[in-house]
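The data below hold one chain only, encoded as structure tokens and taken in the form predicted on its own.
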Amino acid sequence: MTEEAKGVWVYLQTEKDELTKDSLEVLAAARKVADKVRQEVVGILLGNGVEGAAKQAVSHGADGVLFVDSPEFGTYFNLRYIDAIYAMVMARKPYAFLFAANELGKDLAARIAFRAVTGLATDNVQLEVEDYSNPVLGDFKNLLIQIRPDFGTRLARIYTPRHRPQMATVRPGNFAPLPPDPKRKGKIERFDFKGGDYPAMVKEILELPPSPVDLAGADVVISLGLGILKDGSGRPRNPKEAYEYAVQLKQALETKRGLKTEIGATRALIYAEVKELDGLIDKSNQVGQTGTTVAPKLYFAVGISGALQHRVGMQKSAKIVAVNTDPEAPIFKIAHYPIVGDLYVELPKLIKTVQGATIAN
């Protein structure tokens, strides 16, 4: 199947008849890969009344869209969706197939990979195309290289030379959507699929309340790490004080500068279950590999050393301000504005600066 495989596919998700931001990001990732291998980007779209979203996909970089449009697909039911997508894969044999690394994408990608007897690299933060040589397997041209965080402090490079499609999920926040081009033309094609009888059915859908923390949509993120447990001299401090400083900075940024601001935290701080922070931060605040990937205009890393698992979740921020007592902290390698100092001294200064007050030396 490797020789005849053609096309870089993207599974597209919709919300209120428009493509989700995650889908637009994965389209941008697919465009990068497809240009390098000189193949087309094909959007895969399932739903009821999806032709408008198909045209949107073309304007954002797809060369074509293959879709199933039926009332049966108006509600997500994974067994029916998997059957339809697998039928598409077997009929058209794509070179690569990309999904967003969100709840729905992870549900579908693993099941499709299993049926297609191919590999799946999950939670990728970058994609490359390179030649690959293996003394046992041989030489391969234009192979998709899937890059994801490892369990340690490294990035793992995943190679799947012998099976197609090469499948990957892409973590949101790592690719910027391409600007729409209403003049782009693409082939929008209906795929005929007749589903069978299933031993289960969707009876009711209940929408969960949205999270009170919108890290991905924030202009500014102020993240706290384990460093807030001590001051610059190593003496224990009440971490709630640092949290309150973060709230003051958030309020100043929103009221004085008009910037939507959220408070984030490292996984280490959240799972430390610090009693003083109970009810103030939880998993909805987590930034990093197992949390939310963010790319705000401005990111504050307060008391954060900068382990790889955290950096992959925020390193594409436009500007990074880091406050840490350790001048060798890894976070300073990517910070645009490194501040070596006591966060309990520096945060009040930052608050006054944002508020427009003069700081005495």
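A residue's number is simply how far along the shown sequence it sits, counting from 1. Remember, it's a predicted structure, so these values are computed and weren't measured experimentally.
FYI, the form predicted together with a small molecule isn't displayed, but the following is about it.
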Contact of Gln146 with the small molecule in the predicted complex (heavy atom, 4.5 Å): no
4.5 Å heavy atom contact, Gly225 to the small molecule in the predicted complex: yes
Touches the small molecule in the predicted complex: Thr290 (any heavy atom, 4.5 Å): yes
Exercise: Gly306 in contact with the small molecule in the predicted complex, heavy atom 4.5 Å: yes
Listed range touching the small molecule, judged in the predicted complex by heavy atoms within 4.5 Å, from 65-73, 316-324, 35-43, 48-56: 316-324
Candidate from Lys240, Arg267, His163, Lys260 lying within 4.5 Å of the small molecule in the predicted complex - any heavy atom: Arg267
Single option in Asp219, Glu254, Asp83, Asp231 placed near the small molecule in the predicted complex, where near means a heavy atom within 4.5 Å: Asp231
